[in-house]
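In the block that follows, a single chain appears as structure tokens, in the form predicted alone.
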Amino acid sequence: MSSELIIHADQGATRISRHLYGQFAEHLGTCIYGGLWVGESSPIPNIRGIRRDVLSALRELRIPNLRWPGGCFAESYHWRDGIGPREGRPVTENGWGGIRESNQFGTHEFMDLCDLLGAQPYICGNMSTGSPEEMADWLEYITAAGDSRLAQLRARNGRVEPWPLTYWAVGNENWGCGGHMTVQQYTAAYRRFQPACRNFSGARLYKVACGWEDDWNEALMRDAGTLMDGLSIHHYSRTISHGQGGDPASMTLHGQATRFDAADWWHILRKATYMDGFITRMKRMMDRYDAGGRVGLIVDEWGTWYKEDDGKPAGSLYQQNTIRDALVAAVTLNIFHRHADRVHMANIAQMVNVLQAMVLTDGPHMLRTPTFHVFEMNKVHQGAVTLPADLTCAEQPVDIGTVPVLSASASRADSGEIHVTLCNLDPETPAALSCDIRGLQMEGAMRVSARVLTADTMQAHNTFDAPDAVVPIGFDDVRIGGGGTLELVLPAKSVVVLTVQA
């Protein structure tokens, strides 16, 4: 069947929050140690202990916010272990991944990283092994000015001025690794913790409550929706099985990052498209309790999740990143753009060396992944107005359902430029597409430029020996017709970003 995209360029009022392009850095595997942090005495070039090459790459993405210290790690993290002279910080147990936690990277180092990236900090507080008092003290340490006890402690540790802080999560996955609570238990705990969560500078703190599945989320919205600013959900594109009784501890991952066939390809992309239905259900439910849309939906963990790559330690969550992962990222970002009225923030998991990372490191070496390039290509949508778009295309039968072969979203920048992200999910067949941009105010001849990210094989990825095997290039297979129409052929397994000027 023929494929058609109709974009309504004269409509749209909702801006795509920059914060949909947030990142996540957890103390797992080599995300922090070796990935972001090498220490000031390392031969690897660094700025105050933070890798210079990783910083340089990540700055290209205009990262709006960074979530830390977890994840599940947050629910065992005690902030006082990570402040003060580094030589005096304790070594503690990190139950996630079987590694010891040196605490060399703590609050000061994280805030320095955010400052170097130009990103806002998004901190996840410990509910399951912490207390409201500990959480309040951490917030006072970060945000209080003047001569309070904790402001003075911060000054003695090298930072006189408080840090700016807006985003704060009250717990993480408290239905699982964060305490195995019921929704009633979490709601009661949230009511105890959230009054302690305030910005001591007087600025308003944006409090994010821990969501999960449909029934949990509805009960939480019903009973505590007025006390939160955001509701967190997580969604991974993965294949798992459980042991007897469905115990989460018995979860087994299936599938690998680079060894897969066409059936595996479509299966993971189908899992990525579940995000649209999940968000649609959550919006419908949230509208019943928050008709004005005040509470944001926060997708602060998402991405692909496979078995660790061969040779990597169990629990390191290290995986390579192929053109398939790039398409998962692009499809998911398209979904976020279309739901920008309720989705206020999102954080891909994770930024370095863990799961669907932006960059991978190996000692002094670093590479940008295909997913990195999708985020770089798509940064033109940050802060733009999302435009209504109607896509008609074929669907691929997968498992017990189908997957649309194409994915698209569009936005209008303040400059008037229209940006369109197009994905062809088919790993073998190019796709002809007619794109009708209606309501475009033409002041002269339409001008179109484009870039494409694609590869020769489904399993193509960047390695330290070939770091530019999968990179975006110019794309000129676009024909401009009359009245704001475009005709183009999307290569198989590709992401194309168009810039249209009229």
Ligand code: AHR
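Note that the structure is predicted; figures quoted are calculated from it, not measured. The first residue of the shown sequence is 1; numbering continues from there.
Heads up, the form predicted in complex with the ligand isn't pictured, but that's what we're talking about next.
Taking 4.5 angstroms as the cut-off for heavy atoms, does Gly211 touch the ligand in the model of the complex?
-> No, Gly211 is distant from the partner.
Is there a non-hydrogen atom of Cys423 within 4.5 angstroms of a non-hydrogen atom of the ligand in the model of the complex?
-> Residue-level check for Cys423: no, no contact with the ligand.
Is Leu391 close enough to the ligand in the model of the complex to count, meaning some heavy atom within 4.5 Å?
-> No - in the model of the complex, heavy atoms of Leu391 and the ligand never come within 4.5 Å of each other.
Does the ligand get within 4.5 angstroms of any non-hydrogen atom of Trp96 in the model of the complex?
-> Within the cut-off, so yes.
Go through 343 to 351, 323 to 331, 396 to 404, 108 to 116 and give me the stretch that gets within 4.5 Å of the ligand in the model of the complex, heavy atoms only.
-> In the other structure, the partner sits against 343 to 351.
Heavy atom within 4.5 Å of the ligand in the model of the complex - residue from Met181, Leu317, Ile233, Met282 = Only one option qualifies, and that one is Leu317.
Looking at Val38, Leu28, Ala455, Leu433, which has any heavy atom no more than 4.5 Å from the ligand in the model of the complex?
-> Flagged contact: Leu28.
Looking in the model of the complex, is the ligand within 4.5 angstroms of a heavy atom from every one of Phe24, Asn172 and Trp305?
-> Yes: each residue has a heavy atom within 4.5 Å of the partner.
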